[in-house]
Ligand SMILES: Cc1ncc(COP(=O)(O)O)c(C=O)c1O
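Presented below, as structure tokens, is a lone chain in the form predicted alone.
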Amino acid sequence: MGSYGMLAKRAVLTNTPVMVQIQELIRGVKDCVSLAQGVVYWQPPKQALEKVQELVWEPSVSRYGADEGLPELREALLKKLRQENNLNKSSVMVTAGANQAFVNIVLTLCDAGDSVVMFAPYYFNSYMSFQMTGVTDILVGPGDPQTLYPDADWLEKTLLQTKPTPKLVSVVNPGNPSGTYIPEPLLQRISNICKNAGCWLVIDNTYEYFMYDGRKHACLEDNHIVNIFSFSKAYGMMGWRVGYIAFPSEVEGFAAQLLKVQDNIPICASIISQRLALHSLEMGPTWVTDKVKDLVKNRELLLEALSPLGKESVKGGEGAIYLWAKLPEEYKDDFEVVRWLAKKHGVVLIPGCSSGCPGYVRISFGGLVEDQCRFASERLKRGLEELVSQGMVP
């Protein structure tokens, strides 16, 4: 029974989580600073934490809740979706984070053997979700070399020519790992292409509040669109694991099938986490956007740190908490560069190969306060200057 051949192929053939590999790398390097994991440096609102602290002894917190989420939280989320996202015909399911929301959607909408579409650079966890559920025909589309926007012309051609038609198209907006924001007109065109082809469009809006330089986030709603949201980054609730799905109310059977999946994975998201989400939501979006403003300086510091690579090599940063950078041509093995930067210069990034783009790196500017980010930026710049001028000197 211990034979490797007895393990499920869909698990064996799923990519190893890049963050697990990065965590192992960090543990093996003394005094290492991380610009790798997609986290924010703040905690949930103090008032919300204080309210939750009082609920620990409440019996309902230790019991199962409604599979689809606490009624009061769902009601608050529906109000938020109407007021902030202009989503008026959507139903809500609360999940244990946005990653679980995506798995729920894949299990509800896709069969093993279906084809799906993503765009490089793609979010590595979404790719793994397809792999481990047997959706192995993953068509990866290109992004514009300058903007990293998904190539809508390629998408239209691919959906027309691929038989049977791919089941769904997935995008993250603003992007992970790129930090690129898909403008509303382009997002609408992608939506129209999907609708005309008869396939689903899944939009991950985890970083909806993380917009810079005057840009505004926009959501789309239609009977072929499923939207994903998260409390993790916005309210500093990474470890509390609360996300939610906004799905079309008018699609018959969607809610019932989604509920089957939910009942067999978490049953329900943690009750105390949902309570914290509800109380955090009461703080309003301004609480979040005020925090996000503090990240602008971090982005500036890291743009300067990446300057040895050349201005044209650095993209993204329009939204989310990421910059996306191309390494010099001779360094196709980006994971080797990441290991070298960690061991020689004490700073950790994410290799682009995990997102379908060897020779690139993802840099996160959300997890450190400004002074820490300045320190990390100095290390990164020294490392990249050495990489460009001398190579990976031991």
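Just count from 1 along the sequence shown to find any residue number. Predicted model, so just to flag it, every value in this text is computed and none were measured.
The same protein also exists as the form predicted in complex with the ligand; that form is not shown, yet it is the one meant from here on.
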query: Are any of the heavy atoms in T108 no more than 4.5 Å from a heavy atom of the ligand in the predicted complex?
result: no
task: Determine whether any heavy atom of T180 comes within 4.5 Å of a heavy atom of the ligand in the predicted complex, and answer yes or no.
output: no
- prompt: Is T206 close to the ligand in the predicted complex, meaning a heavy atom pair under 4.5 Å apart or at it?
  reply: yes
query: Does at least one non-hydrogen atom of R241 fall within 4.5 angstroms of the ligand in the predicted complex?
result: yes
- prompt: Given that the ligand is left out here, which of N176, S170, N227, N104 has a heavy atom within 4.5 Å of it in the predicted complex?
  reply: N176
- prompt: Heavy atom within 4.5 Å of the ligand in the predicted complex: which of S129, S273, S115, S232?
  reply: S232
- request: From the candidate stretches 245-253, 145-153, 193-201, 91-99, select the single one in contact with the ligand in the predicted complex, where contact means a heavy atom within 4.5 Å.
  value: 91-99
F210, G319 and F365 each touching the ligand in the predicted complex (heavy atom, 4.5 Å): no
